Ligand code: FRU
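Presented below, as structure tokens, is a lone chain in the form predicted alone.
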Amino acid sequence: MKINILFVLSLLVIASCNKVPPANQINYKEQHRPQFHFSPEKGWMNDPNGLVYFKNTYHLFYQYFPDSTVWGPMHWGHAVSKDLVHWKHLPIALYPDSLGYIFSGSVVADKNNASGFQNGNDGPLVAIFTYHDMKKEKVGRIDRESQAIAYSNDEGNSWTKYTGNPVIKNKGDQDFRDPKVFWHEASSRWIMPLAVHDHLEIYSSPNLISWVKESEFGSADGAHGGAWECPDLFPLKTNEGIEKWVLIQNIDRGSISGGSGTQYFVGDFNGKTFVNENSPKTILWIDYGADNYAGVTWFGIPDSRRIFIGWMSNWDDYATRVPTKNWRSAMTIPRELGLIKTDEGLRITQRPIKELAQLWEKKIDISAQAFKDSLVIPNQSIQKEIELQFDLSQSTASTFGVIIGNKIKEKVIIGYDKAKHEVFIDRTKSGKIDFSKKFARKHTAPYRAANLLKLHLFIDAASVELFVDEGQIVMTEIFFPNEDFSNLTLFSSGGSSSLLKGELYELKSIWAMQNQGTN
């Protein structure tokens, strides 16, 4: 996350008019509130932080300001889950202090007590995060960020900051942040990818306290429309069983759909250096929509699944201005990452986690048929999951797809353009759009479909996530209709479309207890 002092001052002015309600007034049925995506009880949220699986529990920490619905002094919020679907809110984990705000970072399970912080039968959880010193920023110093640690011996319920912080001091670098630490078995060391303005730096440590810089990567690779942020480096096996290393690298502006976004690289890592196997000019995007940023993966999931989650907003364009009342922002659904071989090279795939199936409530089968113009799909739920398969060899339509809308003619259009070979989401008529000149746009993703095209959508009160052909292309977009989108229509323009199969699941809310609240 990148902030400058003028922007901070403007946010503080806005914050005075955006106070949040007390806890007993929180209502998970308020307008635009997601029903199966994680959102904070109240206040401001951005980057997911400290994702760790420990003792059969998934921990989600996140950038949090509890006192307003706009960005402010950063804390680490905290929630836990047994299934990555239903979440329990816990007290704030880390508060800002005299060394600065608590910016993004990671948490690891130090099972062998390399840090020496253990007090009990189990190795501690260790949080590694960035301090952001606002006093230095106010006087124009760029060395305002440093890396620090904290530890917990009670499964993350309470945290003690290390008395020797910071563990990595800033020697004059701007945008020096977001450590994403992991254990590298081959070198028997902890590895820290760290974003430093326009490149990545890699550090190593035997104990999570003493760090040595090993290498740099990326000053001439990938996209550089803004500052690099929130990296993540991990191994991933291809569909042929070959292990490669993937570097996720978020960028705060200049993404494929405008504003903030997430690029990635595929290559090799030897414990010291990462080598990109593609041309430096090759740019690969995790998501072609406008609203998936700062995403990283969980540490310590035992079954080798690599699970990713992102912040569902756009930092550079409108995150602080979206029209929600008592809270701002939600996370994407968790996604399982894969790596497949394509004609262009190795590429990431994303699939919704299998645990989401427990939210299925009512199933509606859509019969195989050819249709022109429109096909209305009756359903009762605002939140739903839809899987559609189209036979392009039997379709004459130029464009086809899905329209979600309401009775006052607001809508979001999701579809495929055969002539342009692209997937798109159009939210230009989605309802509330005047909070940003950059919001009401149609975003596209280049994709040359085969004869069989699969569209898999997750639709919530204020978002849609589209997975194309088992997650080869993914698009995430938020929206804010004046009246909930309860209508669902398939459309076919310029000819007929051949639907081979369709399934719709109405989805239950994950906030059953919270929904008992009142306004």
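No experiment lies behind these values; they were computed from the predicted model shown. Quick note: we count residues from 1 along the sequence shown, nothing fancier.
Not pictured, yet referred to below: the form predicted together with the named molecule.
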The named molecule in the predicted bound form: contacting segment from 444-452, 177-185, 405-413, 87-95, heavy atom within 4.5 Å: 177-185
Among the candidates 424, 299, 264, 71, the residue which, in the predicted bound form, approaches the named molecule to within 4.5 Å (heavy atoms): 71
Residue among 316, 385, 229, 221 with a heavy atom within 4.5 Å of the named molecule in the predicted bound form: 229
Exercise: residue 472 in contact with the named molecule in the predicted bound form, heavy atom 4.5 Å: no
Residue 430: touches the named molecule in the predicted bound form, heavy atom cutoff 4.5 angstroms: no
Residue 103: touches the named molecule in the predicted bound form, heavy atom cutoff 4.5 angstroms: yes
Exercise: residue 465 in contact with the named molecule in the predicted bound form, heavy atom 4.5 Å: no
Partner contacts in the predicted bound form for 286-307 (non-hydrogen atom within 4.5 angstroms of the named molecule): 293, 294
